[in-house]
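Shown below, as structure tokens, is a lone chain in the form predicted on its own; questions about how it binds or moves come after it.
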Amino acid sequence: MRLLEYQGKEILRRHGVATPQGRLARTPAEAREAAAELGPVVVKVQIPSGGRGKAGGIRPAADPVQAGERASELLGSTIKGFPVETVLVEEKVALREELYLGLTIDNRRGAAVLMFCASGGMDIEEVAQSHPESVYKLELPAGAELKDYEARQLIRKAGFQGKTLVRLAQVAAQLYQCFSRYDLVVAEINPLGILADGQVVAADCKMEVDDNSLFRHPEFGSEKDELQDPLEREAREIGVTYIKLDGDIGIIASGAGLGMNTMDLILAAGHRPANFLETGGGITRELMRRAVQLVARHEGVRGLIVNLYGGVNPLVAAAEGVVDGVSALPVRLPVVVKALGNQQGEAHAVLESAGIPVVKSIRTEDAVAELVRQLEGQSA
């Protein structure tokens, strides 16, 4: 479950991490009242997605009137596909430096990884990709404690010393406490700001709770309650796993590994996945019809790839569902289906009779290449 920024900051404050003062607002009037208490503020949409600033979801306001205007513009709008129901009105702070501090899980090694970079802010992903050597990492085995000297050694590599080093190491330890206490799989403070007086403040944060541990955290409610995106709510109703992304290629896969492999190959082909969708082993004609229509409703989708393995899934029912779903789309998208396994011959016949391209190779690379060929032909 992805927590909203204000929820993450509440957790940070409980563990002693300083954050800017802020108030949650659901109406422009509440935003004006908050700004009257806080002075110059920043009005920030509360949606479970990063990149809010570039999407226009974070706007400064010099006074209460402007804060009300910004809230009026944002509330009820849609940012990155999420309806905006609340905004965080937060005091504007002047950061002398912007850093990055994060924790995540390395599933291959079964350990948490603490990461620190002296270049934080909106472009941290680009920094991490172009200069990976600037992101310092410390592996923390399951159940291990983060010792003070370990945090200091990590942060010292980025050139920090003295009181600033001690303060940053303390925040790292506090973030790790949050990570362990709330069964988080992601905990990021970005930017982690240094103020003119040397104090350290969490200007923004991102936290995600392990779904398998939600029974231990009733304070967060159920994941279904927290899902803001209508596509993700509908996916839950259909019974498939769906995660919305920012790309242009919709994906339907019958397994998580198959889906992730397809995502990697789409990226390698120069496109970006618009979603991750895994059907699991319970495919029916109706499930597949709804899955196709759900994926196609993503505002950025230009093409769709369906990648199925018919071990336990009935491929004929899946093919019939794909035909139903594609036929009902208001605009026909480029679509490619790779379906191998039981009844594959009959499934291919169903698809081909409906004019849907089928890739019979076992290589997903070939299916991706066929979809790219269709997209290029469409834009030529």
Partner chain sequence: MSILLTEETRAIVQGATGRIGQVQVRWMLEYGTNIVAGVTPGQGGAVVHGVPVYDNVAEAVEKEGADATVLFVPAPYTKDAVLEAIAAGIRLVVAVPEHVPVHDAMAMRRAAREAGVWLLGPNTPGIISPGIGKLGIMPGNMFKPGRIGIISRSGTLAYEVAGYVNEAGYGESTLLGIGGDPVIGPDIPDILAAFEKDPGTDAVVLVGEIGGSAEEEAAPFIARMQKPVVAYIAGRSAPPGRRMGHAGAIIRAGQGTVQDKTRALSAAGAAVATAIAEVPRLLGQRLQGRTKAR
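Take the two forms, superpose them, and find the largest set of C-alpha atoms that agree within 1.5 Å; that set is the rigid core. Because the structure is predicted, anything quoted here is derived from the model rather than measured. Numbering follows the first chain given and starts at 1.
Below: the form predicted in complex with its partner chain, not depicted.
Residues A128, L184 and G310 are all found to lie within 4.5 Å of its partner chain in the predicted complex, as judged by heavy atom distances.
Proximity to its partner chain in the predicted complex, defined as a heavy atom within 4.5 Å, singles out one entry of R233, K147, R216, R297, which is R216. Comment: its partner chain is not present in this chain, but in the predicted complex one of R156, R167, R289, K206 has a heavy atom within 4.5 Å of it, namely K206.
Remark: Q344 counts among the residues lining its partner chain in the predicted complex, judged by a heavy atom distance of 4.5 Å or less. In the predicted complex, at least one heavy atom of L340 sits within 4.5 Å of a heavy atom of its partner chain. In the predicted complex, at least one heavy atom of D264 sits within 4.5 Å of a heavy atom of its partner chain. Taking the partner from elsewhere, S254 is found to have a heavy atom lying within 4.5 Å of its partner chain in the predicted complex. Proximity to its partner chain in the predicted complex, taken as heavy atoms within 4.5 Å, picks out 243-251 from the listed stretches 157-165, 243-251, 71-79, 298-306.
After superposing the rigid core, the Cα of E37 is displaced by less than 2 Å between this form and the one not shown. Relative to the superposed rigid core, the position of the CA of L12 differs between this form and the one not shown by less than 2 Å.
For G51, the Cα coordinates differ by under 2 angstroms between this form and the one not shown after the core has been superposed. The Cα-Cα distance between L214 and G239 is shortened by 3 Å or more in the predicted complex relative to the form shown here.
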